[in-house]
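One chain comes next, on its own, written as structure tokens: the form predicted alone.
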Amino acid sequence: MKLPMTSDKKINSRYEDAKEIYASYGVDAEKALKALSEIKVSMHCWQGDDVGGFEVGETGLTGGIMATGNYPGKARNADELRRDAEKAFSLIPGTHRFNIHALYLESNGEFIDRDCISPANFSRWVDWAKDLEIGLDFNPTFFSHAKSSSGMTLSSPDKSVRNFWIEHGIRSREVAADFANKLGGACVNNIWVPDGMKDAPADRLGPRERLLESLDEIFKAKVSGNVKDAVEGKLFGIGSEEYVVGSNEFYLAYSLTRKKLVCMDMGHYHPTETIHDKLSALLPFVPELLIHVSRPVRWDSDHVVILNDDLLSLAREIIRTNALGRVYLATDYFDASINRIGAWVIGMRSLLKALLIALLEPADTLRKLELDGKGAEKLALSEELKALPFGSVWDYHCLKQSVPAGSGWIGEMEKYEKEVLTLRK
């Protein structure tokens, strides 16, 4: 597909014009770009292979997770996934992170159950991250396993099942600590379990008491690295429509009392709820939190993130609350119906664009208008800001970060599909 290309000279010229326009509103475009260049989003590995993973003897997706579509070219092993991720990173401005689930271990063809994983099973991921000079984050995998088939893991009434998953959680934290120690900085280790029931339970409290006990047991073990433990709630899932043990309320209470990060996933609330309002409600009480950036359509459908109102509202709240240093951002979606590298890049670039728009906003002016009771003026200015040339600033950012500006990256995606992805059978 032939798309228009903009010369470097035009990009620079348009940026100078845009910079002047933003300056007239009291906004420093250079300062905004500097802040944007320092943001590190954790890109999720599971988009690249439809949440399949590389375990020996895998059982297929369970736990309310569904990757729809069968677009050709998905990664069949870790080497292919790493290669695909590198391609995606080459089309995304900035230096970011990679987020790995436990089922993406490498075991040289040997079956290693989840209660036996170790840092050695992820050593090639660490070597790869060192080469790219990026950080890694981690997630224990409590789904798609024989011992999760009942719909209960850490809250199971079967103590042997609980113990298995507790051990998996402990070992996952050890992997996360290894990532932090070998790559420097922090590693976010996020726990989400699919536990729940399709229909009304006779006992709602018991499973939650068991989940509480299991989580405490996991976190009791000390780890040597800078691990940021997070817990993630959910409203409902496929097979847990009536009751989710680890609800958002449960994990909010857990995070506050146990001093863990609470993870807010954009798709894990009621379809009419958005999380941007929740950010300012939590920040007075927590030092940091984790946000999973997704796009639900009618339910937690994990559509590819796009530059829509929900994303813009979230980005504005992060910037307006000065929370950039307190919020860990990670993408979380999986679409098997389109080119998977494209899905990664669309989502990551959309999130970064939203953050740029927020950084280019004259927030102090809007706040003053609000404090002065000038509601019409505030609303009018908010609407006028939508027409300002943020795209010219974005293209300049891409140029300076040595990635394709505008739609230029689409041809790179198509070339990679033709030369690499279509050859996979």
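Bear in mind the structure is a predicted one, so any value in this text is a computation, not a measurement. One rule holds for the numbers: they count along the sequence shown, beginning at 1.
Same protein, other form: the form predicted in complex with L-rhamnitol (RNT), not shown, and the subject of what follows.
Asks: All three of W46, E232 and D332 touching L-rhamnitol (RNT) in the model of the complex at 4.5 Å, heavy atom to heavy atom?
Replies: Yes, each of W46, E232 and D332 comes within 4.5 Å of L-rhamnitol (RNT) in the model of the complex.
Asks: With a cut-off of 4.5 Å between heavy atoms, is R124 one of the residues that contacts L-rhamnitol (RNT) in the model of the complex?
Replies: Looking in the model of the complex, residue contacts with L-rhamnitol (RNT) do not include R124, since no heavy atom lies within 4.5 Å.
Asks: Looking in the model of the complex, any heavy atom of V51 within 4.5 Å of L-rhamnitol (RNT)?
Replies: Yes, V51 sits close enough to L-rhamnitol (RNT) in the model of the complex that at least one of its heavy atoms falls within 4.5 Å.
Asks: Although the partner isn't part of this model, could you tell me whether R210 comes within 4.5 Å of L-rhamnitol (RNT) in the model of the complex, counting any heavy atom of the residue?
Replies: So R210 does not count as contacting L-rhamnitol (RNT).
Asks: Would H292 show up as a contact with L-rhamnitol (RNT) in the model of the complex if we use heavy atoms at 4.5 Å?
Replies: Yes.
Asks: Just give me the single entry in L369, A35, I65, L381 that has a non-hydrogen atom within 4.5 angstroms of L-rhamnitol (RNT) in the model of the complex.
Replies: By the 4.5 Å heavy-atom cutoff, the listed residue in contact is I65.
Asks: May I ask you to choose, among R162, H268, K74, R114, the residue with a heavy atom within 4.5 Å of L-rhamnitol (RNT) in the model of the complex?
Replies: Of the candidates R162, H268, K74, R114, H268 is the one lying within 4.5 Å of L-rhamnitol (RNT) in the model of the complex.
Asks: To test your reading of this chain, name the stretch in 292-300, 148-156, 200-208, 277-285 whose heavy atoms come within 4.5 Å of L-rhamnitol (RNT) in the model of the complex.
Replies: Among the candidates, contact is made by 292-300.
Asks: Which of the residues spanning 387-410 lie within 4.5 Å of L-rhamnitol (RNT) in the model of the complex, based on heavy atoms?
Replies: Sequence-ordered list is empty.
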